[in-house]
Structure formats: structure tokens, C-alpha cells
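One chain comes next, on its own, written as C-alpha cells: the form predicted alone.
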Amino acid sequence: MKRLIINEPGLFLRAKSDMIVIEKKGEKILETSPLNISQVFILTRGAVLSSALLKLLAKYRVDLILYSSFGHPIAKLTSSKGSGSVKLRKMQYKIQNEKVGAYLTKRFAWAKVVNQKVILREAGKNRKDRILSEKLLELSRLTSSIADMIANLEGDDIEMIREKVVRLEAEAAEVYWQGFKLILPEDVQFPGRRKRFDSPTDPVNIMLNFCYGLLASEVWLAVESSGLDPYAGFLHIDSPRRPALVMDILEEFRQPVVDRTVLRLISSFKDPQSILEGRLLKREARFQIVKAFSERLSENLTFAGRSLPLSSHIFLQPKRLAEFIIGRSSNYLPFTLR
């Protein structure tokens, strides 16, 4: 999946003879066919886009996504030729409060905790420091036991199940972020997990939040292509301000995509604090992170017997969920690392 990343202010994007043209100060710096692009990322506030370009992107079904300075997707342009399915959506709404809805609630949360366990276990096995290795493996076992508890929760009342799952998820997160801190280089500041609304000031949390925003847009596009309603979730409660189903499926990919990308990148920075400008990433750092994020999505992983790029697994996962909801599959297999 090729992305066109617009990260520099002062660029003018327009269409000419069915081609995407990018100019700066009147001089052409890039011309490419929309057939070569699947997404356009707008990361700067200073770019100008013509209406002809927007029509061209819609014609070739190239998604255009605008991001905030924190990496959160704030707007997107997609083709009006949607793939919504009335029958599928009716089934999705119907099972939200049924036993099968409770089952899906557990599956999304279980996958997230299993992936946390795998990150800790792999880090523990790769550490030469015996004490650190044993500590990480111990934390991995703890998260594994919490994943088992989530899987073994009983009951058909989705509200009760969701409440218990959220509590266990929080316990797993506390253990996981303790371990995550131990995996980071010793000189990297990490005060614990801080979400975007906590206004973190350290580079690790700012990078995590930025990449989770990129991942959310990736999952959102996949959910929309499946015909499912992005706002009708299971683990996450319905809200007009938050795409609950996108957040559900996103849980499966946080560690495989984002956490691994951040762990790799942070180790490559000589001075991680230098990538920040206040509480924001510098323009060069944003570009570097998006590049690393895209490269991670291009890496092949084997899941459900298929070796595919991570981006393909993200694209397929809502379709697998739709197959389960519509009754064509007997279970839903959430994405997990080995």
C-alpha cells in the first residue's frame, strides 16, 4: 500500500490530465498517477489542495486523511460509492446486547492482552541481563494469566462482562507498561503510559499517541470497506464522538504495529527529547515516524495460515468479523502475535 505523505507547508496539490501534481512556489516537484497511490496523508496545516484533485482522488478511490498535530485523524475523504450492507449492519446492531456480543467483547480484549504478553516474553528472552530477563518473563506470565481470566469469564449479560473485562484489561495494562518501561533504553524518559488527553511531555508517549492515531485511520478505512458500522462496538460503548468498532479492532493491532515501531525508533534516536517541539513532534520526526509506521505495515506476518503484510491483515480483520456476524463463520479469530 503506497502512501503519499504531505508533511511540508507551502505545497500545492492539484490534478492535471488524471495525474496528481505537487508544486512548490510554482515549480513541479512530483507528478504521479492516482493508480500508484492508495492513501494521501496530510500532516501539515500549510498545504493547499484543489477541488479537481479531490475529485480525482474520489474517482480512483484514493483515501485522503487529515491529521492533527498529535497524529489523530480529524477528517477523511472517501468515495461515495460505499460498501454498506443493510443485512450485515442489522445483524451487528442485533447482537450487540446478546450472548454473541459478550463473546466478541472478550475476544477483542483477550487479543490485546495476549499481544502484550508476547512483547514482554520476547523482550525477556532476548535480554542478556539475567535479572531483567527474569523480571520481564515474570510480567509476561502475569499478563498471560489475565488473558486466561478474560477468556474464561462466563455470563451472557454484556454489561456485566464488559465491566469485568475492562477491569482485567486495566490490570494487564498496569503490568504491561511496567515491562514496557524496562524494555526501553535506560536513558529514555518514560513516566508511565499517558494518553493524548493527559498532555504528555515525554517523547515515548507522544510517539505512541501519534502512531495510535495513524493506526486508527488505517483500521477505520478497513472497517468501512467491510460494510460494518464503525460506530457500533462491543468492547467499547457506542458514542457519536468515537468509532467504537474501530477502537475494538484497533486493540488487536496496538502492540504488533505501534508499540513495536516505537520501540525500534526510540532506540535509534541519540537524543529522543530532540524530536520534540514543546508537546509536539518536529516536522522531520513526524515524517520519520510515518515512514517507520508504513514500513512496519509492509512487513509480512503469518496469521490464520496466511503470510501477508500487516496492512493486509488489518484490512481483512473486519471482513472476518463480518463473516462471523453474518453467520458464515462459527467463530471470530482475533489477530494475535505468536
Partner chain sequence: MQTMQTLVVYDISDDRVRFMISRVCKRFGLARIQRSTFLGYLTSMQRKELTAALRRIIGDSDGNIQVFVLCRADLALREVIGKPFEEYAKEDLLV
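Just so you know, these numbers come straight off a predicted model, no measurement behind them. Positions refer to the first chain, counted from 1.
Just so it is clear, the following notes concern the form predicted in complex with the partner chain, a form of the same protein that is not shown.
Peer 1: Tell me, out of L280, I37, L301, L66, which residue has a non-hydrogen atom within 4.5 angstroms of the partner chain in the model of the complex.
Peer 2: Filtering the options by heavy-atom distance leaves I37.
Peer 1: Of the listed stretches (289 to 297, 66 to 74, 45 to 53, 305 to 313), which one has a non-hydrogen atom within 4.5 Å of the partner chain in the model of the complex?
Peer 2: Partner-contacting stretch among the options: 289 to 297.
Peer 1: Looking at the partner chain in the model of the complex, do all three of K2, E8 and S33 come within 4.5 Å of it through at least one heavy atom?
Peer 2: Yes, because K2, E8 and S33 each have a heavy atom that approaches the partner chain to within 4.5 Å in the model of the complex.
Peer 1: Would you please decide whether S330 lies within 4.5 angstroms of the partner chain in the model of the complex, comparing each non-hydrogen atom pair?
Peer 2: Contact check for S330: no, nothing within 4.5 Å of the partner chain in the model of the complex.
Peer 1: Using a 4.5 Å heavy atom cut-off, state whether I22 contacts the partner chain in the model of the complex.
Peer 2: Contact check for I22: yes, within 4.5 Å of the partner chain in the model of the complex.
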